[in-house]
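Below, in structure tokens: the form predicted on its own, a single chain.
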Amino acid sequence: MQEQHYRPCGDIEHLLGRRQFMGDLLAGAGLLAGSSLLASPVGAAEVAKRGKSVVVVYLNGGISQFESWDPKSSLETGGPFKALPTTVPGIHISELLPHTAKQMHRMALVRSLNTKQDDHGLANNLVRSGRMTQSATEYPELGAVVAKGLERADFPLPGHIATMPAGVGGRGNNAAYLGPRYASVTVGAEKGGVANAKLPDGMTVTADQRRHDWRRFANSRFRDKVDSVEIDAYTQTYEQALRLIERRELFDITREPTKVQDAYGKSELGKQFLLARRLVEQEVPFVEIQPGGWDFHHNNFEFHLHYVSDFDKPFALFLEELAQRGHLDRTLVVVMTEFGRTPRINTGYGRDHYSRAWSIALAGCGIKHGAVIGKTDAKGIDVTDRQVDHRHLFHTYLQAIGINSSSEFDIAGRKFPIADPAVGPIKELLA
């Protein structure tokens, strides 16, 4: 079954499409009126010089920990799939991940998450921002924080890129008080990556350049008279769009050798992994791959059999290629989701939302390879060792790439902690 035809959960999160690039441009600009779009440095100058990247594979909907990172032998809750040995002695993952099992020496697992939130929208907010929004303040997502923390003045590409299979890209509304400069820009993995990137017939390069020169002149004259965050945001977005067009070949995966394209496969997810590898090679600070449709309230085992298999091979190849090309030691890879699935198997042979005991996987930069943090009981109902939550993870991701997560952003004189100051990172996971 194709994921675009499967909508098992009625949550509104499954009905919302990405907004268009210009449509979301100013979503957060009102918060910034009268203030600078630029926050204070977060101690990342030396980090940025090393060109670190973060790649998040966000399995939207809630992958089952039983059918992935924390298999159980109890048929009552664990299901029919067996545990598979990996390249790290003593660590087993689901037999649905045979290729990934061969990469475990480059990976680590966190098996003791308890985030206490089973609603899609609220849970997404938790794990993406590292905090629950409990006031009028909205917090920037991980991608925006990384894009800011690893920002380089001369970098020609957006610092926060999200991939999708194909179509017209959009700009996300996920940077909060950091401003649209650090919000996600979406590019496709097919049809050249960037839609409408070529000049229309009859338009010469010279004429196009004159158009942009006139736009810059008009913006500059108006900006001299009006102090406006909105104007700055529009200007930055147009210039960023131009840079995307100028570098459009980087987003075209058909430039890869046929052998490489075939190895990643023809699936939408495989193409996104290949695009992500190309972006990591260009030292893009943050890349997100987001395959949706992982919300299996019915036929859990049949769907995981197909979906996890579609993920397994290109993900393992992605890690292997990053390692072979010398990029994995500067790239943090995170396989995350908003929550896990229930130990109880419901009447539709599915698993429902479950946030009390679930898992994520990491690989690459800044983490101890082969580590397993935490433990759940024999049936996967409760965390029995080293319970952590979204706040610890957010600190850990940033610390792994060298960003001081205990620091603050300074927005027009107002201090915003980069991560929740009540907790810290998972220290035993950090290399």
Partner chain sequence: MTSMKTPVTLDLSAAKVVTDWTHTANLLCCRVDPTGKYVVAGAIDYTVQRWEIATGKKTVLVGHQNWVRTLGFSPDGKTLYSGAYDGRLLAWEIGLETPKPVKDIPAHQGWLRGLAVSSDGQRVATCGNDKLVKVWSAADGKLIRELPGHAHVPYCLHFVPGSHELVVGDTFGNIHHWKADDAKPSRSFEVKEIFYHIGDLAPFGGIINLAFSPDGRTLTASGLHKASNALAGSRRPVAVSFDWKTGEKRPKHESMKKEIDGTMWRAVIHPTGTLIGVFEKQVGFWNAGVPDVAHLAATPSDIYDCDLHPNQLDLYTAHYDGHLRAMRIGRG
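The shown structure was predicted, so the numbers you read here are calculated from the model rather than taken from an experiment. Residue numbers count along the first chain shown, from 1.
Absent from the display: the form predicted in complex with the partner chain. The rest refers to it.
- Judged by heavy atoms within 4.5 Å of the partner chain in the predicted bound form, the contact stretch among the candidates 211 to 219, 255 to 263, 305 to 313, 155 to 163 is 305 to 313.
- The shortest heavy atom separation between Met203 and the partner chain in the predicted bound form exceeds 4.5 Å.
- Taking non-hydrogen atoms only, Leu199 never approaches the partner chain to within 4.5 angstroms in the predicted bound form.
- The closest non-hydrogen atom of Gln324 lies beyond 4.5 Å of the partner chain in the predicted bound form.
- At the 4.5 Å threshold, heavy atoms of Tyr139 stay clear of the partner chain in the predicted bound form, well away from it.
- Proximity to the partner chain in the predicted bound form, defined as a heavy atom within 4.5 Å, singles out one entry of His92, Arg248, Arg131, His298, which is His298.
- Checked against the partner chain in the predicted bound form, the residues Arg223, His105, Lys82, Lys116 give one hit for a heavy atom within 4.5 Å, which is Lys82.
- Taking a 4.5 Å heavy atom cutoff to the partner chain in the predicted bound form, the contacting residues in 345 to 361 are Ile345, Asn346, Thr347, Gly348, Tyr349.
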